[in-house]
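A single chain, nothing else alongside it, follows as structure tokens in the form predicted on its own.
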Amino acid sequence: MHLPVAFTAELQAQLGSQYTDFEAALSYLPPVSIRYNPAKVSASSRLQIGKSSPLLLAKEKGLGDEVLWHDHAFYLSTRPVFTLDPLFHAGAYYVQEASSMLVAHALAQVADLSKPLRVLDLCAAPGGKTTLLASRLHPDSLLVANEVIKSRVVILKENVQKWGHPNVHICHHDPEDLGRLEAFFDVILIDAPCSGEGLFRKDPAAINEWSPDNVQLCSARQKRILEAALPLLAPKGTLLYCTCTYNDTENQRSLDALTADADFEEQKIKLPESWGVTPKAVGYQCYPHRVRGEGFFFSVFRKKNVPRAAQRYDSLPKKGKEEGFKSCKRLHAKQTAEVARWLEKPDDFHFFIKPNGEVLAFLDSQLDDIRILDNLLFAKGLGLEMGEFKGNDFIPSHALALSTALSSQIPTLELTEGEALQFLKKENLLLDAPKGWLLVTYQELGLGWVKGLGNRLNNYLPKDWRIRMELPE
């Protein structure tokens, strides 16, 4: 691997005599790690499902390969073709670089995760850290996943829907556009766009894209993001800043203004020495020769109990708990009865309908906060997508099939691995099945919908979600 001269000089200055080990580590294959979804897969069963699943590969390796800092994650001995595992499509697990999971370890030390929080993942795509947070937060927490790049919102939404938590909401905004949510969030995560030095061995093409000028460009962007984000944090709120890079320009220097701000103080995190994480002057660095993972930097700050700014969103229209929404209205009572039967705990939700006919479910515990977001955000996907009515018939959404809120009373059609892959290619299934809507499942996890018509089954998998590669013989 031919590394840029300027990059080599930077890392030699950081690591001294350890640089040789660092450079050698870049020549090794990157470790593969996955994190299972505890809302869909129990700890006792996570290593026992799927004959070709990565979860079984982990079983063959044994429990010694668990990620030390995350109890829902483990390493794989090889990298399988995840696209060909139905459990991946069902949201049973997420493929995530192990070092980045330290975010959850850090948050647990500085925030009270036993109570509902307002949380913003500001640079969220593709959704790894959003799903990481979703599994750690109180289920009534409001988790907003924002992505500024429009083309990346699609994959963010897909991964969030696979994970299946109804308390996660999507939006597409520049950080500056969120300014009206002043002092709104208890936790803000900034996984800042960076030069990607920590991914050199995972993506060798990143080496050719690296330059000192790009490092400076990234640092300037990071400072702008931080400047826009800090006013959104409530008093006593927690800010987590992280990158997948090594250089001090994007890590230490991008945080200079924050460390100099008297309203913020850095939070030190307890990290066992055996984990190999390196404390820096500010924050913590993962190096691949010391940590079984990629290059990753993170830091944690707390906002002091400064006087809260005037809450401009408190003056928004509000008539009881069901009114005051900008982009949707209360679902008609007759339709509500039909929609409610699709959820395990319908009394926990309120149902609304958008002008385009899309039906949404909002958690009762979040209704006032969602009303605020609905009024102040213009590019958003709030709540759980339930489906739509066509005449008197309700057509369930794909998101509902994957949701952890789905009723256990919905009729199901359990598939073999081959049948599940056939469904995921959006091919017809030649199976005997009753008429009506059926939840297609694999290992009892939802994959999507089919509708039995007596003589055939219609496959309702969205076209954009279908497997495009050829299936093995």
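When you see a residue number, it is the position in the sequence shown, counting from 1. Keep in mind it's a predicted model, so treat the numbers as computed, not measured.
FYI, the form predicted together with S-adenosylmethionine (SAM) isn't displayed, but the following is about it.
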Among 80-88, 221-229, 260-268, 327-335, the region lying within 4.5 Å of S-adenosylmethionine (SAM) in the model of the complex by heavy atom distance
221-229
In the model of the complex, does every one of 124, 128 and 147 come within 4.5 Å of S-adenosylmethionine (SAM), counting any heavy atom?
yes
Residue 369: touches S-adenosylmethionine (SAM) in the model of the complex, heavy atom cutoff 4.5 angstroms
no
Would residue 191 show up as a contact with S-adenosylmethionine (SAM) in the model of the complex if we use heavy atoms at 4.5 Å?
yes
Would residue 290 show up as a contact with S-adenosylmethionine (SAM) in the model of the complex if we use heavy atoms at 4.5 Å?
no
Find out whether any non-hydrogen atom of residue 175 is located within 4.5 angstroms of S-adenosylmethionine (SAM) in the model of the complex, and reply yes or no.
yes
Check each of 253, 152, 138, 202 and return the one that places a heavy atom within 4.5 angstroms of S-adenosylmethionine (SAM) in the model of the complex.
152
Can you name the residues of 427-453 that have a heavy atom within 4.5 Å of S-adenosylmethionine (SAM) in the model of the complex?
none
